[in-house]
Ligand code: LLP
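First, one chain by itself: the form predicted on its own, in structure tokens.
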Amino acid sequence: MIYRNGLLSFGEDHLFPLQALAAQKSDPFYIYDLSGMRQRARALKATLPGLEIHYAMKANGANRILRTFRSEGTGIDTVSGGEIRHALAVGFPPGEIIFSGVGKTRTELELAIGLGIKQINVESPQELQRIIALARALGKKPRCAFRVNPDVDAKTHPYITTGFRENKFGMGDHFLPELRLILASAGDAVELVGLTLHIGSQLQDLAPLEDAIRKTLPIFYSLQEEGHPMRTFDVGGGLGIRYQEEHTLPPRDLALIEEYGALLRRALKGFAGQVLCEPGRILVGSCGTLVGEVQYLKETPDRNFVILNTGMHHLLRPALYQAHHRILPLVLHPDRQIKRYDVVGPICESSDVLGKERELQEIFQGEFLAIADAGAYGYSMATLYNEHPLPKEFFWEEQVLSDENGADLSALLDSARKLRDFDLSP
């Protein structure tokens, strides 16, 4: 998003003034840039010959977004039976679905095994035993990969670190003797096809990931030498975005993707198998924005509050992770004074804060604010808490504005052209 003619404008290839949509939709809404998502998927695919992308749909499972990545040739990474069924419904074939997650139930595993999905990422010896038992009962031979916990510090928020010895995810090398015994007794019930790792989310420093890959590769080769048909090495996801920085063109996301590609080419030099990755945030995070209307302003001796009709029930990250999202007015008024505000929502919780002590131009009731970089873990973590409805979702691609059902709302562009003579050209 950038300001053009004083209007906060959404998109990268083509710009759309958010005020044109907000003026028609007073309820909170998300808007997504599908072209930006395509650009990031293509850039990631180009970093390493043969790299197989499996989009982590937990980041954002909107049907339009899933179909966008499907059309770009990506697979899908799921973490529940519900996500598997959702992926199938939007057109992903079983052979392009990975099933991750630390607490897979019998019902979920029966679904995955019955479908013959690409790979089940195994998190514990007991899970492997459950898979073997279900495979025998179903007469199927599922493909599995062991999720390795390489015991590296991802240097990110503790709630989204997953590859350290204190985390519940994956298996350290001390599990290998037990896993070997289970495989030896399994006969041909399962096929061990690879290893996977995922050290955490919102990675900016990629050195820990390189360390994790180098620590995990010897395990891959040792299992291969023991006769297992090892062919996939899954480096996980976790690439982050820069929440506190203004957007640039070209986006900074693309620079991190290129750095990531250089890391993979360096760390996996000579590796002859399939390299998989499971990106989420890096593909969608910067391409989504949440917009809410100012309901009230409350001034106290200590604070100035801006109270919106959106909050933690629509974007949980600030409350859960103390995450920073830029908060921007849809219309710039250079003549207004700068004031400091706490931007809060309507939920009956003191944690319902989207931003503390933000310096913004003076805000008035009935105006709109945008919460930037909300494309990942925004709507997908939204709730009906306090019985507030979920926000609407809109999509912007190639100068076409549409809703979740694909209905063309481009007539709103006529009103956009009237806003300060806004130019819709790139």
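Keep in mind it's a predicted model, so treat the numbers as computed, not measured. A residue's number is simply how far along the shown sequence it sits, counting from 1.
Note that the form predicted in complex with this ligand isn't included here; everything after this is about it.
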item	value
Residue (of R281, K104, K118, H313) lying close to this ligand in the predicted complex, criterion heavy atoms within 4.5 Å	R281
Residue (of G75, P150, G194, G237) lying close to this ligand in the predicted complex, criterion heavy atoms within 4.5 Å	G237
Contact test in the predicted complex: A56 vs this ligand, heavy atoms, 4.5 Å	yes
T216: touches this ligand in the predicted complex, heavy atom cutoff 4.5 angstroms	no
Non-hydrogen atom contact F175 with this ligand in the predicted complex at 4.5 angstroms	no
This ligand contact at M381 in the predicted complex, heavy atom, 4.5 Å	yes
Segment assignment from 237-245, 291-299, 124-132, 250-258: heavy atom within 4.5 Å of this ligand in the predicted complex	237-245
Residues of stretch 191-213 in contact with this ligand in the predicted complex (4.5 Å, non-hydrogen atom)	H198, S201, Q202
